[in-house]
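Just one chain follows, in the form predicted alone, and it is written as structure tokens.
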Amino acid sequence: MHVHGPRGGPCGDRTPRGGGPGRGRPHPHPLLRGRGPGHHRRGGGRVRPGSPEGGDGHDPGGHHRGRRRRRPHRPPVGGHERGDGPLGLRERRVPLPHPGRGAEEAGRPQAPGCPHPPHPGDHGPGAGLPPALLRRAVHRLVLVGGGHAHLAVLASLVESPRPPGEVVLVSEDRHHWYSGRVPAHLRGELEPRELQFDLAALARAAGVEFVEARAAAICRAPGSGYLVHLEGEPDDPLRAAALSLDVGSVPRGARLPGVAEHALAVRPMARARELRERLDTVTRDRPRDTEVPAVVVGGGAAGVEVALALHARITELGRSPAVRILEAGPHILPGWRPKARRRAMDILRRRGVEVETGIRVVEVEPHAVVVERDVGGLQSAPRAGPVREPGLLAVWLTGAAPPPLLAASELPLDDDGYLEVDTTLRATDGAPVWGGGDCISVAGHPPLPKAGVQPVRQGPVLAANLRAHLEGAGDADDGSGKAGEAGGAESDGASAGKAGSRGAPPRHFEPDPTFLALLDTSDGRALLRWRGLCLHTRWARWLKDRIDGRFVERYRSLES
């Protein structure tokens, strides 16, 4: 029996009624309540790709009686070891309950909260935790998420001598999708493999263990360190002495009625493939020379690019596009200068893409969206009643919101719910937790635009500071060459971070909201914006393709 907390997640601390380990009493730890000596662990688990029936080879049904599933062997430090996965590295896979549509984009946190055992000071470190968890080896560093910043961390581990200690990468998708090439993919010019990186291959080249799973909650472990709970395996977390998060963001408003069921998206970027397949199917099913209505919700840079790409694809397939952008704010491209916004509006008008501002989508239906309009163009004014607007496709590209993982975890967050870090990209409470990308905010600085350039800039800083931490943790080790276990976790947690700081001074990230923006306008040109300069030329498109190509080639070359 899985125990659900106050909000329905598996990490709650309510005591189940009846049942328990053997004699009708609840287990002393919430994660393992209801598991008696004869309990069968059904399905799920970490699955090694290539093993029979999705199990571990000796238990085809995926059931275990009285023993835990053995953890796979990790690659040795500084080297690579052949295994039974498709890439030769022993990998783990946790089945996801919603293939192709994760909890984050649906706006439903799966593990709202963490277990709270008795205070360690009452009965010693780890009081209330099962012995199996206390004996588990501590990974020196767990990377949660496979975003742009963590690509730089993996590249650093490939290109430079590996620091000591085990490193694990947890990602719900074994592929990283490069956002800069999504418009070309939607137009049918690029196949998925041309905008993907194989995270499992990169991890193998770096000597990092790869776990294909979604992190559901991150809890403080007794003594020090953290427990990373994986969705589908709430009673089998990873223990980590240090963490780094690069889990991106989710679309704002994802919990509105019908959004999870009927709207398409490109965040996470893997869903761009679903959008293109659906676009082609809907368009080809329409008679030639008939309209294909499509609605893009959100007028940011991604919304403008995707709207133009949809228009180009529908036209290429011989149908008449009727693409609209619906923006809740007073204008598209918030944060851009008026001159650049006017240029973008001119491009959209010439292509026949309709733009309406001051309009809010309140519900998504199978072939329509329900909207409310501002009266008099003022967001503070009364709103007109809901109206249904037709749309065979509804693409949800609203602004960014923090992923539910953060709210479900014991981490320092800012007022908006993002992981709060300092300019070294370390958590502001001094814990051995780092972060990069959309999921963080830098304390003392205005919010940065949620654009791919920010994690690319943060990547080298994050890689350098994590390497310094690992090297310091290795110096602080007791000479056994292993991360501490149980009570020894303290030496690999906070004190290890202090040891790392005694070496080279940490690198600092300088937040800068200005950056070169290149919007693919799907007509052989791109809209370039750099400070006060704004150009719409073929040369700008050439520059964008060159930058994107170099980025993709850099990481492709590191895959083994």
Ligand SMILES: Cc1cc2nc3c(=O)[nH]c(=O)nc-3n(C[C@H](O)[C@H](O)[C@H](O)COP(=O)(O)OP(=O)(O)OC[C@H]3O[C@@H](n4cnc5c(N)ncnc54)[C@H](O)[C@@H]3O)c2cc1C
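Keep in mind it's a predicted model, so treat the numbers as computed, not measured. We number the residues from 1 along the sequence you see.
Same protein, other form: the form predicted together with the ligand, not shown, and the subject of what follows.
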Q: Go through 346-354, 436-444, 464-472, 286-294 and give me the stretch that gets within 4.5 Å of the ligand in the predicted bound form, heavy atoms only.
A: 436-444
Q) the ligand isn't shown here, but in the predicted bound form which of 419, 302, 200, 242 has a heavy atom within 4.5 Å of it? A) 302
Q: Would you mind picking the one in 425, 221, 215, 309 that has a heavy atom within 4.5 Å of the ligand in the predicted bound form?
A: 215
Q) Would residue 282 sit within 4.5 Å of the ligand in the predicted bound form, counting heavy atoms only? A) no
**Q.** residue 541, heavy atom within 4.5 angstroms of the ligand in the predicted bound form
**A.** no
Q) Could you tell me if residue 325 has a non-hydrogen atom within 4.5 Å of the ligand in the predicted bound form? A) no
Q: Spell out, yes or no, whether the shortest heavy atom distance between residue 232 and the ligand in the predicted bound form is within 4.5 Å.
A: no
Q | Any residue of 222-258 that, in the predicted bound form, places a heavy atom within 4.5 Å of the ligand | A | 246, 247, 248
